[in-house]
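What follows is a single chain, given as structure tokens, in the form predicted on its own.
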Amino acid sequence: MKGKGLLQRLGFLKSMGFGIFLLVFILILSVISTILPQNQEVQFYVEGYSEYLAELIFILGLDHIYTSSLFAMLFGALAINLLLCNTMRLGKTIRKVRQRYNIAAMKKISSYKLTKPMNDSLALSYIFKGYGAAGIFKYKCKEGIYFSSKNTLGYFGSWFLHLGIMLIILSYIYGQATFFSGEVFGVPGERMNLEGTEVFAEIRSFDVSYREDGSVEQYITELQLQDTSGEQRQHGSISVNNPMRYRGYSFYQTSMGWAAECEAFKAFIPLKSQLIYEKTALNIPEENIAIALTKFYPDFAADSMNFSSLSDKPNNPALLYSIFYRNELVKMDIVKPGEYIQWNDYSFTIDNFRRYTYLKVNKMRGQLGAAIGGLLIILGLALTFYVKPRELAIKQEGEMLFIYGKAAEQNRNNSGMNTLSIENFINNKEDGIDVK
């Protein structure tokens, strides 16, 4: 009794009302995601909203709705709802197909008085054909009643539709739960580990192609993938809109920039040297000093208002640097690459500029399940709208002929008595009767 009570209490999980509630809730969250900026820094929400509202945003995960626990729980509940509903629907659909020869469940659509005894099987075939119910297996006789059915696979249209939706939702949940995102950036010759994996990436080369007008046409990275032992795995060329794929990982050409060798000295004694990138810094914690490569201008130009670069090619290179001491900006200026930068006892050089490439790496599982789900939805729609089940029963009682139908378009109640000549029916109705 306890088990039965529990099942009854959980019965709402398979109800249509619960499924609609979940869909409405998901829709509300989707609307919120379009109004509330997503994946911003904590300070953005703290400064832009009240303290209470910002705390609520963090608790509910509204700052990253599509990857939040709340969104995953809603999709999980919707998947359970569809699974239970689909399981129940399958049983009902199978029972519906099996009960198609139950004349008690069919509706009388016509009745005729025969002008002569009906003993011609060809006449039956034409009657079934005329009402659009001539199935592949012709007709069958059961207890003196002739039956025929057509397109019974159409009963499964709604079931395939729900199954496809459920499979897409489950694939989405699986994809989000196993989603991987990483990055690879550096100058040619660098080898780095793709964090969280056993894949190593070596940047073989990075090139930029230009159009005739001098504008950038394409960025191209040659990448070599290796395993932990250094064995070569895959080599490929990556450009914008042309990713490289390896065991589910997709490497995308996202952006590029400039990097340079930076050296630091104190009283002309070397302190540290390091490759730095634009908007990064060489930091010397023990000296409480850092120098940042704020901006690199390949083709430097200046006017009374600002600085700019005339082209993407290093025709007249210059750089903007920033020196920080005890986390405070103490100096900023523009120099040529290789020029000495002096501040108190410290001096720096930033030289040997070269381009670096930035690659985004994603791994999303579940695409196959989503694709199968999409095909099932198409199949379900095709069965629902284009494969209409038709079932017809012909019952003879003496000189009376009664015709029963089960399809929706055959539910027209035409119970008036008609006189039927089998010969005339064959001759005049050979092309079939339109009962829609």
Partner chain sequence: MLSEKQGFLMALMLYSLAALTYIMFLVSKKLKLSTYGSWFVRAGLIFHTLALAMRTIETSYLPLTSQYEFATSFAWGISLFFVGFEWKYKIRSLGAFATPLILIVTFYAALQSSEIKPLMPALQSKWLFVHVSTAIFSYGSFAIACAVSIMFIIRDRLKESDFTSNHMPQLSILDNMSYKAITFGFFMLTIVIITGAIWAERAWGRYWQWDPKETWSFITWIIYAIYLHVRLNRGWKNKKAAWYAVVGFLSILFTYIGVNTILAGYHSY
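Keep in mind that this is a model prediction, so the values were computed, not measured. Think of the rigid core as the biggest set of C-alphas that the two forms share within 1.5 Å after superposition. Numbering follows the first chain given and starts at 1.
One more form of this protein exists, namely the form predicted in complex with its partner chain; it is left out here, but the text below deals with it.
> Taking S125, Y155 and A393 together, does each of them reach its partner chain in the predicted bound form with some heavy atom inside 4.5 Å?
Zero of three within 4.5 Å in the predicted bound form.
> Could you confirm whether R95 comes within 4.5 Å of its partner chain in the predicted bound form, counting heavy atoms only?
Looking in the predicted bound form, residue contacts with its partner chain do not include R95, since no heavy atom lies within 4.5 Å.
> Taking the shortest heavy atom distance, is D213 within 4.5 Å of its partner chain in the predicted bound form?
Contact check for D213: yes, within 4.5 Å of its partner chain in the predicted bound form.
> In the predicted bound form, is there a heavy atom of its partner chain that lies within 4.5 Å of any heavy atom of G374, even though the partner is absent here?
Taking the distances in the predicted bound form, the answer for G374 is yes, it comes within 4.5 Å of its partner chain.
> Would V31 count as touching its partner chain in the predicted bound form under a 4.5 Å heavy atom rule?
So V31 counts as contacting its partner chain.
> Select from the listed residues E287, E190, E217, D333 the one whose heavy atoms reach within 4.5 Å of its partner chain in the predicted bound form.
When its partner chain is considered in the predicted bound form, the option within 4.5 Å is E217.
> Could you tell me which one of L70, L381, L56, V42 places a heavy atom within 4.5 Å of its partner chain in the predicted bound form?
Exactly one listed residue reaches within 4.5 Å, namely L381.
> Looking at heavy atoms inside 4.5 Å, which stretch does its partner chain contact in the predicted bound form, given the options 163 to 171, 271 to 279, 144 to 152, 295 to 303?
So the stretch in question is 163 to 171.
> What residues, if any, in 231 to 268 have a non-hydrogen atom within 4.5 angstroms of its partner chain in the predicted bound form?
V240, N241, N242, P243, R245, S250, Y252, in sequence order.
> Superpose the two forms on their rigid core, then report whether the C-alpha of T254 is displaced by 2 angstroms or more between the shown form and the other one.
T254 C-alpha, core-superposed: shift of less than 2 Å.
> Does superposing the core leave T357 with a CA shift of 2 Å or more between the shown form and the other one?
T357 C-alpha, core-superposed: shift of less than 2 Å.
> Is there a C-alpha shift of 2 Å or more at F324 between the shown form and the other one once the rigid core is superposed?
For F324, whose C-alpha is compared between the shown form and the other one after core superposition, the shift is less than 2 Å.
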